[in-house]
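For reference, the chain that follows is the form predicted alone, supplied as structure tokens.
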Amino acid sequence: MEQMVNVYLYGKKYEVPASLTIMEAMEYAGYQLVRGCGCRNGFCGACATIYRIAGDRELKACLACSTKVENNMYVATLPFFPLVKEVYDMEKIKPTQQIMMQLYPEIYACVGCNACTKACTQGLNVMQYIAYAQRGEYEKCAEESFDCVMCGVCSSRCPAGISHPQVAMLARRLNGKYIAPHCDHLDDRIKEIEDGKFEALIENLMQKPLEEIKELYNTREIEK
């Protein structure tokens, strides 16, 4: 018989199989997930979750789709966090230190508490990439923040009110448009997509059973 554990979802106790992720445990308990669940086995960032294990004072953050339940786990989901998203035109801004001062001046109020890094569901060094953004080092900021899924947990713990994922997004956009080397082969591929070269291939793929698609993915030829 499968091992069972006790979890508390929204304050109510449930007994669920220990092999389930938090998201699967919610469905096992009878909850119908209608938002905050963009995937079931990846890192889209929509299912940000905070939890605490009974007897442990530490409040932890994770993604519900990829974190297994633990015994006496108290769970609260955070499907959306109101990040500050400034509006800008990439054709009109440049990768200067001043543009970050103009759009996200709150990053200069960082107190260095490192709460953002400790909270990150991806284990990123968030405080470090904010430091790069402060100095206008957008290439380094883009590299350090590359795996950010914009779940917003880091910002929820920030005393300075910094919207870290949006700062990182701006840095990656600036890096991609102005700093990183231009990729001619990417232009060629975009043109092929726009011309419909792959539409028949995609349509054929969509008709295949899921297991066959998984096999094709697992045995695909990976470019070096």
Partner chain sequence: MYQDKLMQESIQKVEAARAENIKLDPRRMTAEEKEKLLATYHPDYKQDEFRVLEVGPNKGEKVPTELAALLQANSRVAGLNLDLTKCDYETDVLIIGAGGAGCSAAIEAHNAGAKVTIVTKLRMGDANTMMAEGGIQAADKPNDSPAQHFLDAFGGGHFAAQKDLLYKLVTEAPDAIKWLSDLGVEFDKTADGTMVTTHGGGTSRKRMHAAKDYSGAEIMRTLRDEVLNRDITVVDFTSAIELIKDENGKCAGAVLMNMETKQILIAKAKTVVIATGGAGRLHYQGFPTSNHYGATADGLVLGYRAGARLLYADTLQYHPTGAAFPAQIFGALVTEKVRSLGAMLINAHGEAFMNPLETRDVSAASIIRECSDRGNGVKTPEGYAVWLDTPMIELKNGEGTIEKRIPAMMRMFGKYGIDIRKEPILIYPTLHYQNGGLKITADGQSDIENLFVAGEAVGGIHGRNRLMGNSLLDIIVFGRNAGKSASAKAKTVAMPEKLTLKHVEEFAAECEKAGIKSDIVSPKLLPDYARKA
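Positions refer to the first chain, counted from 1. Because the structure is a prediction, the values reported are computed rather than measured. Just so we're on the same page, rigid core means the largest C-alpha set that superposes within 1.5 Å between forms.
This next part talks about the form predicted in complex with its partner chain, which is not shown.
Asker: Let me test this: is every residue among 94, 97 and 161 within 4.5 Å of its partner chain in the predicted complex, going by heavy atom positions?
Answerer: None of them does, since no heavy atom lies within 4.5 Å of the partner.
Asker: Just to confirm, residue 90 within 4.5 Å of its partner chain in the predicted complex by heavy atoms?
Answerer: Because a heavy atom of residue 90 falls inside 4.5 Å of its partner chain in the predicted complex, the answer is yes.
Asker: Heavy atom to heavy atom, is residue 58 within 4.5 Å of its partner chain in the predicted complex?
Answerer: No - in the predicted complex, heavy atoms of residue 58 and its partner chain never come within 4.5 Å of each other.
Asker: Could you confirm whether residue 128 comes within 4.5 Å of its partner chain in the predicted complex, counting heavy atoms only?
Answerer: Contact check for residue 128: no, nothing within 4.5 Å of its partner chain in the predicted complex.
Asker: Please run the contact check for residue 108 against its partner chain in the predicted complex: heavy atoms, 4.5 angstroms, yes or no?
Answerer: Judged by the heavy-atom cut-off of 4.5 Å, residue 108 is well away from its partner chain in the predicted complex.
Asker: Using the arrangement in the predicted complex, list in sequence order the residues of 27-62 with any heavy atom within 4.5 angstroms of its partner chain.
Answerer: Sequence-ordered list: 27, 28, 30, 31, 32, 33, 34, 35, 37, 38, 39, 40, 41, 43, 44, 45, 46.
Asker: Taking the rigid core as reference, does the Cα of residue 215 move 2 Å or more between this form and the one not shown?
Answerer: Moves: yes, 2 Å or greater.
Asker: Using the core for the fit, does the CA position of residue 179 change by 2 Å or more between this form and the one not shown?
Answerer: No.
Asker: Taking the rigid core as the reference frame, tell me whether residue 203 has a CA displacement of 2 angstroms or more between this form and the one not shown.
Answerer: Yes: residue 203 shifts by at least 2 Å between this form and the one not shown.
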